[in-house]
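There is one chain below, alone, in structure tokens, taken in the form predicted alone.
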């Protein structure tokens, strides 16, 4: 196996002695990941704060005295710049145009006999005009409903039946019955499996196409084939070394994401990181490591099987692109499984089964049978790809005339 060791050391040396490759594979992804998530969180938090602090322009037509009084007692007049319109105001159409253009947020029109109809147990109308495509207008609509409309409605109902307590039929006492691991890992269980399976493939794609098709294109593969190393050792050494590099690159992505996502959530929610707290036990970590190592090797073997038939990196990327889409779809499907029970045999489907298993690790619900199915499914396909790559390395036609 000296030939395998030689190829592994050669591949690692090729990457880690090249500063540009080290920067692009291991440093740049971390900088981009942390920077991107921080920027998203900052922009989202800033937008949310801006919407909350915005003083809305509100027009109210035919406002009843009790509503005007409620506006003052609730402090709504401090949340919005209110203009009262009387009777059949002639500028209603202009106000609607302003709302459409974003120059005003809300137009509230009460029926002329609103107060009288309420007293007589009739059902008057309140027309609320807002622009659902504008954040300021949408927020103004929600605030008016919550602070004024709902408060007034509840007050009137309480007066009619002689007290608000009579509106309460029974009290609900909520008792949350849930495993803490499942609750904390719920959000991560939806997102992480997709990101992990996708990012490992993205890491492997660039590394492998350059190491296989790139070497053929540069002519270094031909010189390597002329060394006394067995072709089978050469193929296996390539696969193992490229898997190791892919895993390292994927770890950089994963760690960067683990650091960046809580930062993003804190910025967006004002400090809350609910759904991001999760504790792995030793067994779970081992399961996760085994699944990801095998998945990385599978990806490398798949990409190598395609890249080895290409004469240059551009052609190899064309061959691999459809596989890229398949991997994305398989990983994406796990985001919509929710908490539904999945047939254990589904875990045997390569890639998809791994994503399912990672999802269950996040919620501490992965069974031994499901884990073994995931491992077996990926290993079978990985072995088939390894055989294919080995045969290709032994073929002069493929290696020299592709």
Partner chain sequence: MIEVNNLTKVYKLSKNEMAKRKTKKNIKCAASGITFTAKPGEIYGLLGPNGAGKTTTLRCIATLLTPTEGEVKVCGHDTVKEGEAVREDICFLTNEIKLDPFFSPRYLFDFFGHLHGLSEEAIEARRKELFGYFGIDAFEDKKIEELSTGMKQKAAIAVSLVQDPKVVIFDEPTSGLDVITAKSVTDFLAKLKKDGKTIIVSTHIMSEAEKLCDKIGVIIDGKLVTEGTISDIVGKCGTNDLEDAFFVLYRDNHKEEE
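Positions refer to the first chain, counted from 1. Note that the structure is a prediction, hence the values are computed from the model and not measured.
This protein has a second form, the form predicted in complex with the partner chain, left out of what is shown; the following refers to that one.
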- Task: Within 4.5 Å of the partner chain in the predicted complex, counting heavy atoms only, one of 245 to 253, 230 to 238, 293 to 301, 135 to 143 shows up; tell me which.
- Result: 230 to 238
- Heavy atom within 4.5 Å of the partner chain in the predicted complex: which of 101, 125, 220, 73 fits that? Just give me the one. 220
- Message: To verify the annotation, which of these, 387, 13, 22, 380, has a non-hydrogen atom within 4.5 Å of the partner chain in the predicted complex?
- Response: 13
- Message: If the criterion is a non-hydrogen atom within 4.5 angstroms, does every one of 9, 17 and 396 touch the partner chain in the predicted complex?
- Response: yes
- Task: Indicate whether the partner chain has at least one heavy atom within 4.5 Å of a heavy atom of residue 85 in the predicted complex.
- Result: no
- Should residue 259 be counted as a contact of the partner chain in the predicted complex, where contact means heavy atoms within 4.5 Å? no
- Query: Looking at the partner-bound form in the predicted complex, is residue 111 within 4.5 Å of the partner chain by any heavy atom?
  - Reply: no
- Just to confirm, residue 149 within 4.5 Å of the partner chain in the predicted complex by heavy atoms? no
